[in-house]
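Given as structure tokens, the chain that follows is alone and in the form predicted on its own.
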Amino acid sequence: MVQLQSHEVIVVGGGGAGLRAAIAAHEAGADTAIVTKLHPVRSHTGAAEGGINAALRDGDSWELHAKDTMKGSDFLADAPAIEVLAKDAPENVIELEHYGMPFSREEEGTVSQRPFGGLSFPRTTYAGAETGHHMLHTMYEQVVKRGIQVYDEFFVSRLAVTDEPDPTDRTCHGVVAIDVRRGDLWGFEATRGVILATGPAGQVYDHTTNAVTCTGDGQAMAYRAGVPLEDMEFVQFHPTTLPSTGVLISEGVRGEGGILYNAEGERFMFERGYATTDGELASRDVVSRAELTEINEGRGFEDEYVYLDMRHLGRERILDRLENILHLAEDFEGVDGLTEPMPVKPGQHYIMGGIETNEHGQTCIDGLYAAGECACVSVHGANRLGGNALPELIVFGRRAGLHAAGVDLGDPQIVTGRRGAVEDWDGTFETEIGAVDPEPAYTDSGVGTDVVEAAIDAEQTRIDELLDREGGVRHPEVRRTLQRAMTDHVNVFRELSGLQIALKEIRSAREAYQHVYVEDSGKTFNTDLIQAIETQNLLDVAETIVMGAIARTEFRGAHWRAGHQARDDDEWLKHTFVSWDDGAPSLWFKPVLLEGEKTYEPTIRSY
């Protein structure tokens, strides 16, 4: 049975960005609802451990925060976005504190701040080693307090978008979702705007800090509807994940003074010259490459990991600020962090790229917004600094909610879509790319409710085809092929030959996906069906990562290319975009915006 609901603002996703967007839209007077495939407090924001960067103390400033962020981005972030983040973060953190978030505090009662990698000032506020968990619960309380409608365990699988030839002329009127508990399709009309806050796509890799639900749903839906994906080649590998599972060990351990050493007992960040000033608190891309170099050159433990040691911090400090880390190390590696060092290695953690937006969260499609990790405004550029993800969620989630509700935030400085100074890539790929059998992700039927109803019909057809197919390929096989290809060939160190192999493997996985069938024919909690749809999303997103990685022939931030071991500002001071183009992806560029209230001149990036 099909259900149809209407609200002014629909927020897709109940993590940090989604909750903050919903609160802002509601406070601006809009009838707002959250549609999420997980209960909000189970969202992946809860796995964020480290903290929230904000210039709160004397001696710090938004200008310093912006400068650190631009340097950390390897000068590929947009100045207007960075300045919004740095200026708005303090107010947003104070607001969280007023909501009741239990920040860690100093003895005199002020909110604690600690050093993080790439920061020139200790500006990372935190709540033990469970900052994201506390942030989620704090904001969910505000959602409940305000009576905002939450449709949880509703998997949004399609946008309701019109079909004008130029994506910049299209309009989003709502979304289609599967009621996971009952199996029915629901249509949600949004009379003012849809905000995608669906989080990351880390499941394109098999060793990741991301939860199994992080499958790039928002990116894939927006991409197929005509919104370009920006800078997808820039994938962050966190230097401290547990080898057996990929579970994250917070940068807070190093922020408190934890040290890294190799099998020869060397504190290699200093002794091997990787970061002679900042050591373990260099930028994440620098530390991850250092660790893998140590492992690859035979100075790792069991040829797999290095050690992270926090024993010298003392029991009292560890239990006060890092207790959760003790539990993770014990539960997943059998290590007591009070008396033993912890094994760590780099693991996929974050994608700097995403759905292209401006600083108000708007995409090039009218009525469609994005915020959080699924989006790229671009505050992170080629590399994200630790502690900058959570302020991005609340700063740009809030702005997207306000703008979608009709609040005038002024004229944006960032232009979205294929407009302005656009440059087409003149290269080619060895492998055919794009959909094997593309279908339109938009509809030509009317406006408003008509568009939503047409989208429901199209989605029902897709689901029926999956459910009616008898025999063929199981989606876990397709996903494993994809994840192996990405982990083996699109990792910290990248070579052209490996990238080309990955693109071929993705093509093979796409062809196999045409024969995917859903074994579970039931309607109630049909996770087999949900995961089959998620796998298609992962295929689309992964392909854009590899396309950008092949095209960008330089070494910048998290993107390391064999044979191109220098940052090339003359040629590559520009953003990469991939457009779906009815299933035939195209790659193009636009220049980076280094001019905001301040001007940011590219300099040598060293720590």
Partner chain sequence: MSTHDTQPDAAASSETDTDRDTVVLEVFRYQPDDEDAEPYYETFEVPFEEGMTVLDALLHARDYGDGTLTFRHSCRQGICGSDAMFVNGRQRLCCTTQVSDLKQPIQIDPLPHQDVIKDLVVDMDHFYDQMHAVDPFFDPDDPPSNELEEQLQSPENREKIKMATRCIWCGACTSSCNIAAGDNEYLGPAPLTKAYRFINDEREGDERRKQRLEQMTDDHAVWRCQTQFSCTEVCPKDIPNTEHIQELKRLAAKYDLSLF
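Residue numbers count along the first chain shown, from 1. Everything numeric here is computed off the predicted structure, so don't read it as measured data.
Heads up, the form predicted together with the partner chain isn't pictured, but that's what we're talking about next.
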4.5 Å heavy atom contact, residue 491 to the partner chain in the model of the complex: no
How about residue 134 - does it come within 4.5 Å of the partner chain in the model of the complex, if we only consider non-hydrogen atoms? yes
Contact flag, residue 419 vs the partner chain in the model of the complex, heavy atom cut 4.5 Å: no
Residue 109 near the partner chain in the model of the complex, any heavy atom under 4.5 Å? yes
Of 128, 167, 343, 255, which one comes within 4.5 Å of the partner chain in the model of the complex, counting heavy atoms only? 128
Interface check vs the partner chain in the model of the complex: of 409, 247, 263, 530, the one with a heavy atom inside 4.5 Å is 247
The partner chain in the model of the complex reached by all of 41, 332 and 480, non-hydrogen atom within 4.5 Å: yes
Which of 318-326, 357-365, 184-192, 156-164 lines the interface with the partner chain in the model of the complex (heavy atom within 4.5 Å): 318-326
Residues from 91-124 in contact with the partner chain (non-hydrogen atom within 4.5 Å) in the model of the complex: 91, 94, 97, 98, 99, 100, 101, 102, 103, 104, 105, 106, 107, 108, 109, 110, 111
